[in-house]
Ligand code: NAP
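Okay, here we've got a single chain as structure tokens, the form predicted alone, with questions on binding and movement later.
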């Protein structure tokens, strides 16, 4: 497929539903070969069908991001087959639980931290050498307004997203003199299953769809992006400097 990402290779985690699903479709529509990573095989197969019916191509990777060895093997497999990576979208994440800090069960805390922070770090470690081999590597890590608002009962999710933003900022500083550009994204309230879990009384029709949100995120993967170490706010459709109020 011809497009802004023709001939490029992209990894998208959490690609079986929601924003990740739509980002994967959007990248494929721009010509990228998408390595779609998720736990849910059915969702990945549906994605594969949609992308291929539109003339795109995918490689499906059923992987639970608590499997750290699997993340390492993913990087190794990409290195062996393609030798480099052009786009990495760290989208997968867990809400955990909305509860007072002292009421969060240890197993819930640990699993949420594992998927939202540790797996992100492990993916960065595995994929960074491949992204550096691209002439225009682009990394996009999903965050949330919760990282800045720190609302009552949102401590677990907020803390993990704040940690992800810190990883992005440090990674961006480490790669400042390379062709790799690294940014966080705050998608804002979106019509997804996670949002429904967090806000069960909310009317989903009042929110933008995952497809609409993804359409604003996909351009961050384009080779002409120059910003790095910043937060892209989807609702404002612009990059924010971390020194500016979000």
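Given the structure is predicted, the values throughout are model-derived calculations rather than measurements. Residue numbers count along the first chain shown, from 1.
One more form of this protein, predicted together with the ligand, exists but is not displayed; see below.
- Contact annotation: the ligand lies within 4.5 Å of heavy atoms from the stretch 63-71 in the model of the complex, the single such stretch among 63-71, 48-56, 176-184, 27-35.
- Taken together, 16, 19 and 40 are fully in contact with the ligand in the model of the complex: each brings a heavy atom within 4.5 Å.
- Residue 92 is the only one of 140, 92, 130, 156 with a heavy atom lying within 4.5 Å of the ligand in the model of the complex.
- Contact annotation for residue 216: none of its heavy atoms lies within 4.5 Å of the ligand in the model of the complex.
- Contact check for residue 209: every heavy atom lies farther than 4.5 Å from the ligand in the model of the complex.
- Although the partner is absent here, residue 115 lies within 4.5 Å of the ligand in the model of the complex, judged by heavy atoms.
- By the criterion of a heavy atom within 4.5 Å, residue 144 is counted among the residues contacting the ligand in the model of the complex.
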